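Subsequent text provides structure tokens for two forms of one protein chain, presented individually as structure 1 and structure 2.
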Structure 1
């Protein structure tokens, strides 16, 4: 079941995936209008939340990137001692890859690390740089094949697991809540267009209540971080709704319509641009989940 129902035509799915690649800086492998992605080994799941208490895989990748950058910097500065320090760390983390995901043994080239150390000891900065680029290529090749699907699988929330409770304590899904929000938005706009101000006012309050129900779910992912909720459903949004209701009571139709446009951008679009893109990508790539 999809969280935010959309019509996922084949061409839409392709461009959704290509767009994701462009945003993440990863180029897709494609031919004849199709995109090919490799499914990551099941053992990778062990190193991501919630299977693991820490994002072990991510932190290992971050360290590898930092270690390679440090080696490049110190090679340029001819600082042999610092190079060797960071090569030792790189050796440890690079070889962790196959200990965590044995299926990727063929994806890396551990023999390059002793070569890197040898060139560093000789003070051959040019070969250090070339060897680093060869190591980085093994990382890039793996990322090109696996990173998008890994991101969609392990780094995006599975919204079906999150349940909402309305003001009456009734449980509902994101699908239900999104449908209600959409209907309320349109009910407000229809009523404004037809001069039914009392109906528009009632629908606006219903809209506020539905957004509060949606907002109660933010802590499911963001835990103790109040900023995401505040950015979308915080004080500024509350003030916009107060102004909207005041405008409706005064019969200021155009001002109310304009304010509804602002709310659509600052609430609906802002939330969708963060959450819906990843959710749709996940649903497109993992349709059976």
Structure 2
């Protein structure tokens, strides 16, 4: 079993913890500046897109949670028939864990399911509850060790593969576009600061073009959904840029700087808060890619 040791600066740790909450809802095991996560077995890959048509592993997990809840509810209500129906389903899905990923044989305790069934048949709600808790512990143990890396590997968006097309039909990587955006923002701010309004205006046009190029990427993930593009690069942003260029032309430096601040928040930060945090986390967790 390969262990991933990730050495971290203190500010990184806080950031990682926030990230873990975001993507998994699970706190990592960490001590004195180190996080250790186990790398998931390779055979898991075939239960995720694109190797599989569906996210089979994840949907098995959702069913397991529903089954555990149903059994607990019916144990409380003393509804034996319903309990047995859901235990049968739990049996099937719990054992699917190792039929899908044989390397995880040690992680589950299949013998707990016949126990559960026996207690249900006897109407022993107390022991049903106890056994459910023992099963739950196997769920939690595996999640603590593996869930964050699995989510990062198979379910977080990946930007390196995305190719952008600029106005001249030239392709560009996501990172190059980000680098240019950041340069344009600062070129405008420097020029405004020093009263070079013609330079600021020219840089602002470049900035608009670069965002247009970035806009061509949205649909590669947000298929058939116009809302995400509208939210960040839509009408409101268009208006701000019009106003910015009018202000620069009139030499209204303070107003222009204020608008640049608004653009940085509504365009850059708004997008970074969802996309970049997850992307940076993925890159930190999976440094080999």
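Numbering follows the first chain given and starts at 1. These numbers come from a predicted model, not from an experiment.
Structure 1 is taken from the form predicted on its own, while structure 2 is not. A summary of the domain motion between structure 1 and structure 2 places the hinge between the two rigid parts at 158, out of the options 257, 268, 158, 246.
Think of the chain as two rigid blocks: between structure 1 and structure 2, the small block swings through 10° with respect to the big one.
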